[in-house]
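Have a look below at one chain only, the form predicted on its own, in structure tokens format.
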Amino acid sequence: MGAEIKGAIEYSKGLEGVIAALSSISYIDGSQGKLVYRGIPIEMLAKYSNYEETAYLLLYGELPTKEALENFTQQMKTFRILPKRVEDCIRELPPNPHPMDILKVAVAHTALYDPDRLRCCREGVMSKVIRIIAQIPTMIAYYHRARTGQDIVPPDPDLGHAANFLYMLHGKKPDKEEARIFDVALVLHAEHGLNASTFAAMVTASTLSDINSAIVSAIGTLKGPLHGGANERVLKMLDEIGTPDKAEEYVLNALSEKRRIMGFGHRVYKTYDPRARILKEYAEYLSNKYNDRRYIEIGERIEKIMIRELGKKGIFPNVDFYSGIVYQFLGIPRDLFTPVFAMARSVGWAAHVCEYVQNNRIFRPRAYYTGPDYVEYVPIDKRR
């Protein structure tokens, strides 16, 4: 005991590199810039799949048959509708809190009206999981409409998961191109191994708590600025820079002052994030479509400078760098970027929870004690 650490101890700050679970859900090769869901490269899913099919793949471990996908998609559409009391609660919530706090409240509230609420994660109630994944977009869109004084737009059963969210958010159906781009963005954000929010969900589930509690834990973790919300701060940085010709001075000054350049570097990837490559193409496309290239030109200039300065250290664009530009063109308010991240990642959280609890062991890491060996208790009337 005692403050002095004697001899070597096994310690990994932040659990970095520690294997805490066995999983068949996704695989990341950080040195090669590869990401696969259930063995399928993310590039193929982005090109050929959609969010519903990807969600099925992550939850059930295989691509669905046509009939299975139709049934799953219909189930997602049916579960979009919120209980009336949850809808009323969202309407009455104050308009100024962070939307992630609202999302925590809404997900927790729906548990009160869940017909399977008394069943724990380990029982594998897939309907509970699908219901939460389907309802989170409704919660986000309803709150945004309510806080801006607009009428709430009910879900449209004729629209897919991505298109329906944009419809509920804006009150008009998106064009097919933009719905598809948003769909791909959701696919790219759906899963990413044992990141902080996924691990938080698993820790909660390992106690055999309910899936709503696990998802609330994940949402609270994602809210933290070191995990979610970087794409919002990327746009703030681009606004601050203003024009491409000011990018070099800004970046070099930031690096000399040891300030972070948002959207660069990753705990796992030491090369270009494969999701960033795909989103960059869409950011370029939307910039041209709307004849507004300010953000993409500043972003590309920053990318060149950062790779020149820090590429040898494994610092490259991550998924957040170009996703914010994409969301901006899709008309998504900046403070909803992190809730949209949660909307996409909810299936990854749920997939890991369902997988882990099938061979469950409650998480209980240890801490190495560095305090004093012994301290005399002094009665309060004798303390100085």
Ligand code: ACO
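Treat the numbers as computed from the prediction; the structure is a model and nothing was measured. Counting begins at 1, following the sequence as shown.
FYI, the form predicted together with this ligand isn't displayed, but the following is about it.
Asks: Within 4.5 Å of this ligand in the predicted bound form - does that hold for a heavy atom of every one of Ala230, Gly263 and Met306?
Replies: The answer is yes: all three residues contact the partner (heavy atom, 4.5 Å cut-off).
Asks: Please name which of the stretches 171-179, 251-259, 94-102, 155-163 has residues with heavy atoms lying within 4.5 Å of this ligand in the predicted bound form.
Replies: Of the stretches listed, the one contacting the partner is 251-259.
Asks: Check each of Ala344, Leu45, Val319, Val357 and return the one that places a heavy atom within 4.5 angstroms of this ligand in the predicted bound form.
Replies: Flagged contact: Val319.
Asks: This ligand isn't shown here, but in the predicted bound form which of Lys236, Arg267, Arg293, Arg85 has a heavy atom within 4.5 Å of it?
Replies: Comparing distances to this ligand in the predicted bound form, the residue within 4.5 Å is Arg267.
Asks: Going by a heavy atom distance of 4.5 Å, is Ile315 a contact of this ligand in the predicted bound form?
Replies: It does: once this ligand is placed as it appears in the predicted bound form, Ile315 has a heavy atom within 4.5 Å of it.
Asks: Under a 4.5 Å heavy atom criterion, is Leu112 part of the interface with this ligand in the predicted bound form?
Replies: No.
Asks: Is Gly311 near this ligand? Define near as a heavy atom within 4.5 Å, in the predicted bound form.
Replies: Gly311: no contact with this ligand in the predicted bound form.
Asks: Given that this ligand is not shown alongside this chain, does Leu226 nevertheless sit within 4.5 Å of it in the predicted bound form, heavy atom to heavy atom?
Replies: Contact check for Leu226: yes, within 4.5 Å of this ligand in the predicted bound form.
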